[in-house]
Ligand SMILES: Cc1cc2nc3c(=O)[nH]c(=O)nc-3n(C[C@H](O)[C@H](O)[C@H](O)COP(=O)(O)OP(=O)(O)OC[C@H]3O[C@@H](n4cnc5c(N)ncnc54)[C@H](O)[C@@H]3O)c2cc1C
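A lone chain, given as structure tokens: the form predicted on its own.
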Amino acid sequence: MRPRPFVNWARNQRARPRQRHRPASEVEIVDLVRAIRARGERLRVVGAGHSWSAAAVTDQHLVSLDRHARVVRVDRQNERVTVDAGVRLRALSAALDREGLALTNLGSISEQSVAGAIATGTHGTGLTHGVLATQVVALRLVTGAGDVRVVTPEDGDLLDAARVSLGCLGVVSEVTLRCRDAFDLEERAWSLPFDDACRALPELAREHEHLKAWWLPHTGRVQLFAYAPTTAPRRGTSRVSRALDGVVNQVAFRGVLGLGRALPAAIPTLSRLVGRSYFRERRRVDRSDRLFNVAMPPRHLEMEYGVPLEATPEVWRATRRLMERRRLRVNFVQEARFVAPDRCHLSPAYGRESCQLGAYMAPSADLDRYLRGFEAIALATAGRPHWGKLFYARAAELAPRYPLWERFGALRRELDPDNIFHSDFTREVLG
């Protein structure tokens, strides 16, 4: 009898793997890889299942590292932390805080595993901060031959390839990350008219260490959030207020989305009501990870493309024109975040300052037209997809967008000569 199906968080990806595995150590990972290779079969590793893409989908062997999830050691003096690949970002942030440390940047959600977050190019926001994988200073990799490679900056460009690898170079078993002294952030939120925000975003992104923007379609305003390290007293983020944020996201927002599904014509009106109640000025001070993260939203689908920073205003304006021209009723925010250039072979921010533009939507009749239209706009402006989110582009269209595409392919053939980490997804998007 085959094991239970795999279903991701958003419930848009499903698979029936031949077998599921939960190794609890690097030794068990090595034994598993060697056994699967000897049988001429294939495997994919799944983290928290929080990707919208089919990156973890397989009909063969599905490997979870949830049992391989320790904080191995904290080097307080050198500000380094070494963890098993399966540890969740939320647990890591809590462990670092107990040691007086913190990660330098985080994304909006911390339910992901460390290895899953780095493999897909997950990021936070701030033009002086790269994708989360740029915080990786070393890792241990179980190759397709079942050998263990310790990958450091001394290994040429292998570390840059392995940081954002989509699980194609091997099973990451251990990661060492750069961290820093624990710090608090002050969040300042305010709104601008849509056109004013579009014009100002590149400049604002350079003015603030961390900046993100939310535009709720069918409204005329954009909510901006700037974050800066501070020593001011914490305020506005009590345990009660954090709990209320979760209730609003999971109950009130879900109710709005449900009403919109039942009455699609009401979506623009509902969006304007949500915007008027939420898009307001405020200031908060709290621990860095608490402000980088947001309360878990209701289930929805996400597409995200990294575009050159200077293209940000036109992409957002073109997306609004798309909605107006096709009369699309979009029931979720569009988000803009900003990422520093890096050298990771498959990173969406390789070699350029980037704006990561997210098109989000709960299930709706207009979903497919919206996402395909948004992707066409992003691709026309040199966009590169977030590997963990939905996209339709395939290898032939993606390859010219990554200067080190062929180099990554060569490393892939070297480290996985028998193709045991291949899947339908990797074949379609990497060739």
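Everything numeric in this text was worked out from a predicted model, so none of it was measured. Residues carry their position along the shown sequence, with the first being 1.
The same protein has a further form, the form predicted in complex with the ligand, not shown here; the description that follows concerns it.
Only one segment in the set 372 to 380, 30 to 38, 394 to 402, 44 to 52 has any non-hydrogen atom within 4.5 angstroms of the ligand in the predicted bound form, and it is 44 to 52. Using a 4.5 Å cut-off to the ligand in the predicted bound form, each of 108, 113 and 170 places a heavy atom inside that distance. Contact annotation for residue 337: at least one heavy atom lies within 4.5 Å of the ligand in the predicted bound form. Using a 4.5 Å cutoff between non-hydrogen atoms, residue 296 counts as a contact of the ligand in the predicted bound form. Under a 4.5 angstroms non-hydrogen atom cutoff, the ligand in the predicted bound form lacks residue 385 among its neighbouring residues. Using a 4.5 angstroms limit between non-hydrogen atoms, residue 122 touches the ligand in the predicted bound form. Checking 315, 136, 211, 166 against the ligand in the predicted bound form, a heavy atom within 4.5 Å turns up for just one residue: 166. With the partner omitted here, the residue from 117, 222, 307, 81 that has a non-hydrogen atom within 4.5 angstroms of the ligand in the predicted bound form is 117.
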